[in-house]
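Before any questions on how it binds or moves, here is one chain, the form predicted alone, in structure tokens.
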Amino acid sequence: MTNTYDIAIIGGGIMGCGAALRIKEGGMDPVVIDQGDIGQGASGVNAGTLSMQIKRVKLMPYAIKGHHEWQLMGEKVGFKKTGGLTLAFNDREAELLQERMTMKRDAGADITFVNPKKVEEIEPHLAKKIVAASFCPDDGYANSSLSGQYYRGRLTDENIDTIERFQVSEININSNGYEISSGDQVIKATRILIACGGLTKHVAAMLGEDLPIRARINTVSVTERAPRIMNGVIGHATGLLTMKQKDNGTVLIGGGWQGKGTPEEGRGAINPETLLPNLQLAQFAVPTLSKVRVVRSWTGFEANVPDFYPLAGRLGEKDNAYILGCVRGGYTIGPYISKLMGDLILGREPEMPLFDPNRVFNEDKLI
């Protein structure tokens, strides 16, 4: 390891690792530090859904590029393109589906509307109460538990230093850049990139920045192995359900239902009051699930700001300080937006615009 790095990246998830790889490719010497293990935070515990139908309209171009990055990684991250359906069970949900999916299709997603008869042909085990549905052939998933292994291997191949179990306690600024401390251990770097997911607000505060970041505690469940009951990704018009069945027969169930806890306290806890409705909605959509046992549920933190768009750019008025995160649907977008951030840090013009972290935040419709 060098005494002083060109840049220290706080956060060893997809975004931090992706930015490190891009920066190294451009000739800088980065170090990636994480309070735990590489890729074992939100990047390693989410449901792995890669669906165009659950991405925000303005983020669609980034999601399409990110989806292509996952496809290039292929089997190394368990990538599967299965196609996916989003379902509506009443007229109100059908109107919501029509509005949202039309906008996403206009933004570039390959989304079509399908009637209940076609839905039954695609997914014969779904409930017969479907009023309307949309279909995207590009939807699929990756195995989030393989993401960390993949990026760890890439960092090793590129001789990028990583320091794990480094819990940042203090960041000091001096004439040479930044000193990042964890107890008695200190890392020096000319530049700094904060990309630590749910802990972003906490770490940014060490630099005197008060960002309006909130942390969601998303719940994911997995069932025992079962015979084939779904072929692709299944979602709900409200966004409160995502499901897919892996090759080994297990079914992953998510949808953003909230657990308990804070990033500062460590891993979140399951909230039975939200877990049960999540599982009930899954069973309503796929009645056969009533015969399958849930074997485990867990949570992962997802940071966001009031308008639900990323923080990606220079941090405040500080020299050589950057931030990347708070991306709703960040698993899909991460491999691509991290490249854009790397280009910005290298002094290049990013292929697509980034998202000014210093903007005025307004609540926006979640579409």
Partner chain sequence: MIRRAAEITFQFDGDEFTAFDGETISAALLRSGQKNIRSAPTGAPRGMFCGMGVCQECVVEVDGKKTEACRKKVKAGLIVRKATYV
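Numbering follows the first chain given and starts at 1. Note that the coordinates shown come from a computational prediction; the quantities given were computed from them, not determined experimentally.
Only in words, not in the display: the form predicted in complex with the partner chain, which the text now covers.
Checking Ile160, Ala107, Leu207, Ala226 against the partner chain in the predicted bound form, a heavy atom within 4.5 Å turns up for just one residue: Ala226. Of the residues Pro137, Gly249, Pro116, Pro212, just one reaches the partner chain in the predicted bound form with a heavy atom at 4.5 Å or closer; this is Gly249. Using a 4.5 angstroms threshold between heavy atoms, Lys128 stays clear of the partner chain in the predicted bound form. Shown alone here, Thr242 lies farther than 4.5 Å from the partner chain in the predicted bound form, counting heavy atoms only. The stretch among 119-127, 285-293, 184-192, 197-205 whose residues place heavy atoms within 4.5 Å of the partner chain in the predicted bound form is 285-293.
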